[in-house]
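Here we start with a single chain on its own, the form predicted alone, put down as structure tokens.
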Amino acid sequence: MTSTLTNRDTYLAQLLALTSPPATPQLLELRTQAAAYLQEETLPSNKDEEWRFTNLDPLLTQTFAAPDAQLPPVNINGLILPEATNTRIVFVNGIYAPLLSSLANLPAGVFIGNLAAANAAGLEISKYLGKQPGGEEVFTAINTAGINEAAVVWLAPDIAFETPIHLLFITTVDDTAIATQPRALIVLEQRSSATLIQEYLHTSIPVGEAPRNEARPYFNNAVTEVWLGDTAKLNHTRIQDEDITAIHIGKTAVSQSQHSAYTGTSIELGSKLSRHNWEIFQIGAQTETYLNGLTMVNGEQESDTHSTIALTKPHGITDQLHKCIVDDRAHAIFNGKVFVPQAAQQTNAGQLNRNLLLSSTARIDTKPQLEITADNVKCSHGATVSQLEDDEIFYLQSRGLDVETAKILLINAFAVEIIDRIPVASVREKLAVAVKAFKAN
């Protein structure tokens, strides 16, 4: 099934051929527009500035199939968040799984469901779906050109929803290389607030089936659109822990109306190759944006985080901290851009990328950027690259710890600053275990 595909135009056509017919006329129009974009596009290469550090060969050397229309049996007992037992929506291989979801007793004004249910509920989906800026970017357009399903979270005005909402996207790993296009639409109308945990995970062997032959790579091309109305507040945690054979390319696009607040935490753990494009668009004054990121990669993993904060109004506050822990021959990339044009006076923007290299062959490429034309702002940015300090390890040894325990303690101290910003306790506990397991490997 594996072949070398050097013609990016041909490969793009193959990805588009995997899509199923649209479910509604509205989706047909949306998909047609995206397909029109793609007629003028090709897949990016290292010659493109935004992709010059990202090696797409793992994607281009694999042929993918569409997933089966029938849901495979999957056990999610170990994936359920105790804080969100009745606010969970699950998709398996891109297909809505109602029997795995739990959406009982939702209060009036709170909708969690799939695209068909959202349309049946009379929500104005066409007003928001596919309307974020940047929709012509090639991987986003591929997702839109094949859209037939989506997870939808919608809060009516003045709803303060305190229970965390869990979006769970699962891919089964077996001897068929599949490509899926997960989609999510999050709309918080004015003065509403919510906490959202969004996970991209895998399960190796479907329940009741014997182990397959060699596991094949799979490709997830995920897009999430977030719309925040006036004074709305969203705390959003996105966790990517795909199988080590996977290729994951994701986009999170957020539009913020005036006085809204968005806190986003991105955790990148899995995949052979992953990239997350995080795009924030300010469409009203006095917004607050806080971006937190943690990337942990080892072996021969490659993980790329590209973020863009586009400010267009005055009195905005943005603060970004992204950390990378890189071991073995892994490669991490961070490119963060903050645009502060003349109209964005009295902006307060900070950006910092801190990186920890655990081996001499680990690699990090970092490029924090501030583009400022406004003249009354407070802005800063920076990046650091370091290793575990011998004197710190020696100090911990002097307190009775062995070398490996000392290293784990120092790595945990580096990562916990990001993990502690996640508002859901069970998620923090799970990630703390992942940090210890990372070094144990």
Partner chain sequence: MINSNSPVILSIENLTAEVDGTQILNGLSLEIKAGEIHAIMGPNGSGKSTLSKVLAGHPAYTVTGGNVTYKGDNLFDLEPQDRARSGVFLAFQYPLEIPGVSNLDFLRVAYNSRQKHRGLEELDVFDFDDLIQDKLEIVKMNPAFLSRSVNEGFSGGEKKRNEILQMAILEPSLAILDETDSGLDIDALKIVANGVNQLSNQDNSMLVITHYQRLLDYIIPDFVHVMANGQILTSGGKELAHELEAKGYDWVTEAEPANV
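Computed from a prediction, not measured in an experiment: that's the story for all the values here. Numbering follows the first chain given and starts at 1.
One more form of this protein should be noted, the form predicted together with its partner chain, which is absent from this view; the next part is about it.
**Q** Of the residues 38, 59, 410, 43, which one places a heavy atom within 4.5 Å of its partner chain in the predicted bound form?
**A** Selected option: 410.
**Q** Which of these residues, 66, 383, 372, 401, gets a heavy atom within 4.5 Å of its partner chain in the predicted bound form?
**A** For this set of options, the contacting one is 401.
**Q** Would you check, heavy atoms only and a 4.5 Å threshold, whether residue 376 touches its partner chain in the predicted bound form?
**A** Residue 376: no contact with its partner chain in the predicted bound form.
**Q** According to a 4.5 angstroms non-hydrogen atom cut-off, is residue 387 in contact with its partner chain in the predicted bound form?
**A** No, residue 387 is distant from the partner.
**Q** With the partner left out of view, is residue 392 within 4.5 angstroms of its partner chain in the predicted bound form by any non-hydrogen atom?
**A** Yes, residue 392 lies within 4.5 Å of its partner chain in the predicted bound form.
**Q** Taking heavy atoms only, is residue 55 within 4.5 angstroms of its partner chain in the predicted bound form?
**A** Answer no; every heavy atom of residue 55 is more than 4.5 Å from its partner chain in the predicted bound form.
**Q** Among the candidate stretches 46-54, 30-38, 402-410, 66-74, which one is within 4.5 Å of its partner chain in the predicted bound form when only heavy atoms are counted?
**A** It is the stretch 402-410.
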